[in-house]
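One protein chain, two forms: both are listed below as structure tokens, the first as structure 1 and the second as structure 2.
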Structure 1
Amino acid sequence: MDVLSTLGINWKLFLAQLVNFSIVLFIFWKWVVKPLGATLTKRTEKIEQGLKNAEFTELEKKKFEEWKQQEMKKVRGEADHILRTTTDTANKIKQDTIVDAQKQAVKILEQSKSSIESEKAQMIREVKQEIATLVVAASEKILRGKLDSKKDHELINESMKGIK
């Protein structure tokens, strides 16, 4: 104990201060350091979990973007197919309509020709009847008035005027 006395240390006081320091250290450790450490550990865990969630969210976002791009390609392909099909169908309908219209035009033309031919034949029959009637009338006039050649010429001219 001489060494402590030469250094000017009172060993009783030193021991009391050591016990006091131990009590203060124990209290500080129990109520300050441990709760603070637990709080810091929890906060660290929350931060790490947040980073993991952010990475997971980023990964899910990339997957979703890839899926969205694939779906958009698929939808565009289907839309193009539908558009091509619709255009082809419209063109086919257009061609069919044109062919039908041409057939109907030919049919109407043939009907018109047939109608014109029958009307022409009817008119020719009527004209023949009219000519026959005129010839009979002219013959009748000639036979009644057959007195001289001058009278014949007058009757022929008169009959011809009626035909024109």
Structure 2
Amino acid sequence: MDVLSTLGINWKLFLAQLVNFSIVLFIFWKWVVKPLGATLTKRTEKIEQGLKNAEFTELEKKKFEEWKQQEMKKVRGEADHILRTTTDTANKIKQDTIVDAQKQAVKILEQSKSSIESEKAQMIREVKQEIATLVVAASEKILRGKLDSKKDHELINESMKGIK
């Protein structure tokens, strides 16, 4: 114990210094390390989270870009297909219409032709009748006095033959 007192070791002072030191440690732990340590950890976590988020967003963007490209290609293909089908259909419809119209025209032409033909025949028939009547009337007028009815008929028939 003599050595200790030579070096100045004194339990009261020792305890006092220990208390002082403990107070410093406590303050450092409670007021500095705890809040600042938590802040440091929180900040690190936040930065890490931010970086991860950025990476994730970048990846998502890339994926979306790829998807977009693919989708665009698909849509373009579809559009091309639709356009092609539409053109084809339109062409076909056009063709059909033309053919139809031609057919219709021919039909109409034929119909008109036949109707003209029949009308013509009718007209000729009617004209013939008219002429016959006229001839009869004229012949009657001319031959009224000179001919009897028998001669009349012969004359009419002869003239009719001539018309035919």
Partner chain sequence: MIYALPPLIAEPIFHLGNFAVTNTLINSSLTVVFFFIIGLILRNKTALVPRGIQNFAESILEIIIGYLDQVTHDRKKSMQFLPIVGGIFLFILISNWAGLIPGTGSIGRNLLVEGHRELVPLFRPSNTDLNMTLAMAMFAVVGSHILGIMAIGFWKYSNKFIKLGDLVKSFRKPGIGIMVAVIEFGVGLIEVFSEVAKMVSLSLRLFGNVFAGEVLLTVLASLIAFLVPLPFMFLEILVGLIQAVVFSMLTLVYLTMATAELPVEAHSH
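Between two forms, the rigid core is the largest collection of C-alphas that superpose within 1.5 Å. Because the structure is a prediction, the values reported are computed rather than measured. Each residue is numbered by where it sits in the sequence of structure 1, with counting from 1.
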Inset, instruction - Specify the structure that is the form predicted on its own; exactly one of the two qualifies. - result: 1
Inset, instruction - Taking the rigid core as the superposition reference, indicate whether the CA of V99 shifts 2 angstroms or more between structures 1 and 2. - result: no
Legend entry - Core-superposed C-alpha of Q69 shifting 2 Å or more between structures 1 and 2: no
Inset, instruction - Keeping the rigid core fixed, work out how far the Cα of L13 travels between structures 1 and 2, to one decimal in Å. - result: 11.3
Inset, instruction - Provide the displacement, in Å, of the CA of F56 between structures 1 and 2, taking the core as the superposition reference. - result: 4.0
